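Before any questions on how it binds or moves, here is one chain, the form predicted on its own, in structure tokens.
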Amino acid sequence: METTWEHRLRSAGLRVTRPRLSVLGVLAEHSHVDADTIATAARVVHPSISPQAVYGVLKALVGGGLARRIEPAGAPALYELRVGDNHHHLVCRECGDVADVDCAVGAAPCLTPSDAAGFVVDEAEVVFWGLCAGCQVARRQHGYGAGIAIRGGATA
């Protein structure tokens, strides 16, 4: 019996491989995750998967429309499975937490540039920056920032 991932890979014109299934499994469990974290988690079910293979899989998944790559300024690229709806992101300036936010207004591309410079706009990527609820509480309790989080839980 074919799984949903196998069907989606084939529908996107991609071969079904163990590395692709491993990466898709990680992305299904974690949204907004960087490639290093994906590689570490994927090794749990596929111990021999290399970081290079993970990057190749991510490129194929993004190219096939099964995953989305976002690049918040000053942070590593993040990957997610929520695709095709032109949603946007909220990013915490202190801990780096990322949350999805639906389209700002109207139908895609959500925003109309003041001057399209001859382009036909089909997508808008918006990142809202601020402080998440946890970092706001930490600031109130301690009177300063909670620290800059490094993905994986450590703070700098």
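Model, not experiment: these values are computed from the prediction. All residue numbers are counted from 1 along the displayed sequence.
Missing here is the form predicted together with the DNA; even so, the following discussion is about that form.
Contact with the DNA in the model of the complex, defined as any heavy atom within 4.5 Å, is confined among 91-99, 24-32, 41-49, 122-130 to 41-49. Contact annotation: Arg15 falls within 4.5 Å of the DNA in the model of the complex, judged by heavy atom distances. Taking non-hydrogen atoms only, Ala53 approaches the DNA to within 4.5 angstroms in the model of the complex. Interface membership of Val57, defined by any non-hydrogen atom within 4.5 Å of the DNA in the model of the complex, is confirmed.
Proximity of Pro76 to the DNA in the model of the complex falls within the 4.5 Å heavy atom cutoff.
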